[in-house]
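There is one chain below, alone, in structure tokens, taken in the form predicted on its own.
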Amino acid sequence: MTDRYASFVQSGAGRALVKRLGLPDPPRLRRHTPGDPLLPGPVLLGAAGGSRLAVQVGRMLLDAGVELRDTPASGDPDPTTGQLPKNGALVYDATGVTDSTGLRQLYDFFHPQARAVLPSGRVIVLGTPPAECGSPREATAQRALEGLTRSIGKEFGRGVTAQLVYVTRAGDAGTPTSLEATLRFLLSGRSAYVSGQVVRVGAGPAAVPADWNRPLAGQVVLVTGAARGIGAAVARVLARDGAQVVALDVPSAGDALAAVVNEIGGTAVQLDLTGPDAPTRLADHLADRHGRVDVVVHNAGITRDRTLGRMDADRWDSVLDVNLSSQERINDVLWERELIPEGGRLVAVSSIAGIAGNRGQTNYATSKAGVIGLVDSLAPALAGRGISVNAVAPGFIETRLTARVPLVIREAGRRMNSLAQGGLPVDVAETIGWLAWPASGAVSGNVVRVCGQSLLGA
């Protein structure tokens, strides 16, 4: 689906009109292409006094081929233009901030750099989870970082995104490995439509790939609802990243599913997940063909919209069954038969409707909030087996379903976020890909919104 307004804004006449009338100004986002450098410019790396991550992060960025700048060098204006040198990203280690007065260090770092970030640049703040802090004052200061990063995401503009990454103290010994996948994702074009998020990195196992352009090489991945839209994009991205993809959808979508698997060299499974024998049949297929499944992406979902007072029981039951209960049944069988090995990944697709609710979608919002509950409950239960569990929560994504939304509501959905545009299915797929990487084992129990920092919800 084409966003004609965003296309018009990129024209000369469009830019003049937007500036004159103060209209939304959707930037052209930097998205990932294999072989691209991590960033289009250098990283300015700063740290509060006593911080614990900056040295390791600096080494990791250098190993990734990123040019590093320090604060004094970046503070020297260009003698010709008087402007500061532009940075591809600003990364700040705030783990040394132990009380509210120490937050001044973030102002001192970011204030002179607010206009010195390239378009589609990145801002990342590293902190300590408040629950792990040694005093109430430290916990207070670390929690304050959320307001800073979310505000930067709304202020800097031009496609610049901002994230807060809480890094557990327990993972310090393996910090470069534990953090690398997350920093590579957040700094790259893969995270184009992710902004204003809080990501928690723990101490789980993380295997660095031989080739970061194929971080899923050798992995067997199941993607449900893979025939169209977001599911098809997920299948394509994971196959591009080296995975052997098992793509599943209902028999009625067989032709579309076949087209996807033929394109990516995967295998197709035509199966209605709500059938009583579906979990067993799926487990049999995975066991017989592959002997395991390293990554399960629960993407299959439906909508049956109606306000609650007008909703019949069938609409309620079908949405809850497909979007939530079928996931639980499949998980149970895969655990029971030990088809997900140690180091496996489970990624479920939620929605900002599951966070904020949505009129006319009580069934859908309930199911998607349940997906978040599934992540919350399973992540600690499976940590001992090295299996990570996360969810993505898309906002307004340009698909055939959102194309049916009435024009005024559709335009509101596109513009009511910090990036002033709808996301693409590939944006959700790239986020799922990051969570599926073997190198992302330290990331578990997260719900990452892919919404351009939507104004709705938390």
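Quantities reported herein were computed from a predicted structural model and do not represent experimental measurements. All residue numbers refer to positions in the sequence shown, first residue = 1.
Not pictured, yet referred to below: the form predicted in complex with a further copy of the same chain.
Enquirer: Report the stretch among 113 to 121, 201 to 209, 243 to 251, 218 to 226 that approaches a further copy of the same chain in the model of the complex to within 4.5 Å, counting heavy atoms only.
Expert: Single hit among the candidates: 113 to 121.
Enquirer: Considering a further copy of the same chain in the model of the complex, which of Thr168, Gln270, Thr280, Thr366 comes within 4.5 Å of it through any heavy atom?
Expert: By the 4.5 Å criterion, the partner-contacting residue is Thr366.
Enquirer: a further copy of the same chain isn't shown here, but in the model of the complex which of Leu320, Ala383, Ala256, Ile302 has a heavy atom within 4.5 Å of it?
Expert: If I apply the 4.5 Å criterion carefully, the residue I get is Leu320.
Enquirer: All three of Ser100, Leu148 and Ser377 touching a further copy of the same chain in the model of the complex at 4.5 Å, heavy atom to heavy atom?
Expert: Checked in the model of the complex: all three residues contact a further copy of the same chain.
Enquirer: Can you tell me if Thr274 lies within 4.5 angstroms of a further copy of the same chain in the model of the complex, counting non-hydrogen atoms only?
Expert: Answer no; every heavy atom of Thr274 is more than 4.5 Å from a further copy of the same chain in the model of the complex.
Enquirer: Can any non-hydrogen atom of Trp316 be found within 4.5 angstroms of a further copy of the same chain in the model of the complex?
Expert: Yes, Trp316 is a contact residue.
Enquirer: Using a 4.5 angstroms cut-off on non-hydrogen atoms, would Ala287 count as touching a further copy of the same chain in the model of the complex?
Expert: No.
Enquirer: Taking the shortest heavy atom distance, is Asn213 within 4.5 Å of a further copy of the same chain in the model of the complex?
Expert: Asn213: no, not in contact with a further copy of the same chain in the model of the complex.
Enquirer: Do any residues of 356 to 390 have a non-hydrogen atom within 4.5 angstroms of a further copy of the same chain in the model of the complex? If so, which ones, in sequence order?
Expert: The stretch 356 to 390, when checked against a further copy of the same chain in the model of the complex, contributes Ala356, Gly357, Asn358, Arg359, Gly360, Gln361, Thr362, Ala365, Thr366, Ala369, Gly370, Ile372, Gly373, Leu374, Asp376, Ser377, Leu378 at the 4.5 Å heavy-atom cut-off.
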